[in-house]
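Have a look below at one chain only, the form predicted alone, in structure tokens format.
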């Protein structure tokens, strides 16, 4: 009880310090507005919003304000994707793809205002559920993680890379794993963390410190999306908004069980390393369709279907921050971009993180969710006008912002070359249907894997049994092996035969 009271007191202090600071509101309003705008414009994503703002604010302003800007944009962008999903039938972000299934039919039926109002409320409640889960579980996991040594860290990093590759591959899982391993190889470039010897630098002094995180993020996430957006511009007619946006309490009360269940699912999915909001939305949508008494209405304009995906994708944000803060493993692509901001501020998320930072993150998340809620209800019509901006106007602007953001972090032209090189490579990988998020997560976790794996072998004098002699390491190694085996064709066929469903 004393521990809980201490944490609540710390959270209250962090929350109050933000509330009484006028600059908090300026950063919140601007960042949430930008986030919703990025989410509302098809072709832009939450990852892109956080990545671009990392370039501008990552290490240019005090960390507290930087976190406000990035988390505000993150929360706003995940919510903002619902606008084009409902009014255009084009998901603004991958996270809101399931939203279009029911949102668009509702808008066509003249219930667009009601859909947007309930979506805003559900996104707000979902974010709050994820935020409080972050506040509760992060401390429990931090206590556990303090007993994690190098073998467990190495296997956790590997598990994060493999899991993100498994879940983000569109066709062959091996492509996701290859992308993750490419990221792992990129992370090896630079000075050896244990011996301080140059590796794969080819005599280029710029590479002695390794590939810079922000240009890699910008190149991997922004450049392919901009090129793809310019090549395949999506145009559609925005449905006129009908009905009031403010939801009534009776409707909210009726759908509270759906919102609560979806919030828990979204948080749980978010806590899985490298998975993300789009998976959370679809998983929650699938569960909702299965358990609902009106499952047959899903996909035809079901409010339950709409709320299932929209609550979960926002709740996923808090969940995605749990592995990021506790283990240093991002739970989603936007969280990976957020980790880039931590890194350029010389903060290493994980068991050694300053607890005060976690409390401030929770307080910022809560304030960002309130800002998003108020902005969503009272300024929705502004974002609907933004939907009508043609992609030929905003995509070049985004490219300029990306270039400036990348250049401003290191202040060198080499960062721009790196961003463009990574960007075009990522675009080619996209064309071949290799997922990019595992590559970025591989770059971010590669350093952790490299250092802890080799440190484990140094401690054990090269004895590989160090990865099975400790209970935690043995469990994690088993999870890694099971994850790989579960994707092998002959194993799938064997399970299919056991289920009486031969392939």
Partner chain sequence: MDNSDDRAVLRARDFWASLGLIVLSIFFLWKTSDIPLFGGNRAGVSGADWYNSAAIVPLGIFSGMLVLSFVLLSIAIKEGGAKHALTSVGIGWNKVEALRFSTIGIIMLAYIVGLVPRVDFILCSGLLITALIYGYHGGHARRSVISTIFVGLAGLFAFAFYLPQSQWSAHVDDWVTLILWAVLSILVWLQSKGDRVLRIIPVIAITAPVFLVCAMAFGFRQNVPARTGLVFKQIEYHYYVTLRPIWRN
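Positions refer to the first chain, counted from 1. These figures come from a predicted structure and were not determined experimentally.
One more form of this protein should be noted, the form predicted in complex with its partner chain, which is absent from this view; the next part is about it.
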query: Any non-hydrogen atom of residue 417 within 4.5 angstroms of its partner chain in the predicted bound form; finding: yes
query: Contact of residue 64 with its partner chain in the predicted bound form (heavy atom, 4.5 Å); finding: no
query: In the predicted bound form, residue 172 touching its partner chain (heavy atom, 4.5 Å); finding: yes
query: Contact label in the predicted bound form: residue 328 to its partner chain, heavy atom within 4.5 Å; finding: no
query: Which of 398 to 406, 114 to 122, 246 to 254, 316 to 324 lines the interface with its partner chain in the predicted bound form (heavy atom within 4.5 Å); finding: 398 to 406
query: Contact check for 199, 390 and 450 against its partner chain in the predicted bound form, heavy atom at 4.5 Å; finding: yes
query: Proximity to its partner chain in the predicted bound form, single hit among 382, 230, 144, 348 (heavy atom within 4.5 Å); finding: 230
query: Contact residue in the predicted bound form, from 128, 90, 279, 181 (heavy atom within 4.5 Å of its partner chain); finding: 181
query: Residues in 327 to 354 with any heavy atom within 4.5 Å of its partner chain in the predicted bound form; finding: none
